[in-house]
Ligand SMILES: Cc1cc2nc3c(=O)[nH]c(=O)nc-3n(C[C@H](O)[C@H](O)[C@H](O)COP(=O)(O)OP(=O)(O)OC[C@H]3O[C@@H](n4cnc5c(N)ncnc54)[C@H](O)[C@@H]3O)c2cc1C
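One chain comes next, on its own, written as structure tokens: the form predicted alone.
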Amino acid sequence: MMKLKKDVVIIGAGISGVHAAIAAARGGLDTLLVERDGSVGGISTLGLCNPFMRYWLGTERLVGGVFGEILSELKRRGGLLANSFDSETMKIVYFEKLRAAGVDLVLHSIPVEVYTEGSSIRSARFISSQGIPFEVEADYFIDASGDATFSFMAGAEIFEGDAGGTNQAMTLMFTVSGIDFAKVSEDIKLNKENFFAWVSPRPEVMSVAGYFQEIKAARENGYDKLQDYYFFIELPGEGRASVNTTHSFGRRAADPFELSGAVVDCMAQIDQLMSFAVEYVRGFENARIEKIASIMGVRESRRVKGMYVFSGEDVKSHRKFNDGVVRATYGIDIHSESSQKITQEDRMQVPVYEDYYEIPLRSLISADFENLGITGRCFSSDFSGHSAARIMPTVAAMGQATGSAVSSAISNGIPLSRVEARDIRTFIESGTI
């Protein structure tokens, strides 16, 4: 069996893992990034997730660093439209950034065993989809797997779901082309009561949620798989949009059978949604499915207990920390069967963003293993805190912070828990949008 020695191994090449790998490699570490799928980017590429939810306050960008560089590259290549982006351009940018940083990347591989000694992880064994095993010894490991797969296998303490153990709803994204946005805009202008109050007919990028009247009519005519609203956002290119409307409720995301069931649920919804859009939604008369995500959009599954458990109260109070390394402003956003039943009050709500909160470095360090960083969807948080911090720009910043912290720990010969947050703050390069 092939055996390797690295400074740091990052498990999961989603947006957070990519940022962690780039930061670690730029910090001089011999870095290995291991990914289960055949490309990098996770939910931001294979999952077709769009847009980048709010990462700014006024004209100030709260997340800079590597994420800011990626935004600039997307824009230069024509792959950015305000806060929406093209998934295929994003893949190209990620691969270029990883190559330039000197990250070693292995795809189609998953961990199968984690070897520990006391409070330290010594090595891990992986296997490729071709059945080839390899073992990697490293000074540090970073779990960016989304489902806390690596930490779970190591025996770290894990949280899952809400107080009753129920996960957030899962969503399968898809993109549509052939849309006439002039008709969409005119429809919003003439029928504002048919949309959420925050929807504008003349935005920089069309972000549209509503069609309450059309959904009511369609349900009366036999459409039985529709949610209470139809939501899409314009993408770069001609007449393209990303649809974020499907939901599979009550399924455990870390269970392979239930996860597969969620895919089946959402595929049936996509089929009906597309027929609904063509028949009922003005501007979609000639629309067609462009592509369907190859991975399910899992909002929340397993989370790792860290040195600090970030909470919903931290979000609500806009809490700042002495070891704060990530700034964010997106609020608590829990997708459940009850929360997706849209009331008249829900329709009239317009989000207000007045301040930011911070995520501390302690929430990115395992409480059980001194050489294990945790980043992205599996970072240390409670259910409601996680629902706010799970968005792509925020987890990108977590990744950069975690990779930078490991680099600082190794270069200074100190434990990860003693790294000074001021040395690795991800928002130093934030600036204006």
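Values in this document were obtained by computation on a predicted structure and should not be read as measured data. One-based numbering along the sequence shown.
There is also a form predicted in complex with this ligand; it is not shown, and the following applies to it.
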{"query": "Candidate site 27, 103 and 407: all three near this ligand in the predicted bound form by heavy atom within 4.5 Å", "finding": "no"}
{"query": "This ligand contact in the predicted bound form: residue 188, any heavy atom under 4.5 Å", "finding": "no"}
{"query": "Partner contact for residue 283 in the predicted bound form: this ligand, 4.5 angstroms, heavy atom", "finding": "no"}
{"query": "Contact label in the predicted bound form: residue 299 to this ligand, heavy atom within 4.5 Å", "finding": "yes"}
{"query": "Interface membership of residue 109, this ligand in the predicted bound form, 4.5 Å heavy atom rule", "finding": "yes"}
{"query": "Contact assignment for this ligand in the predicted bound form, among 49, 62, 367, 32, heavy atom within 4.5 Å", "finding": "49"}
{"query": "Stretch 303 to 327: residues contacting this ligand in the predicted bound form, 4.5 Å heavy atom cut-off", "finding": "none"}
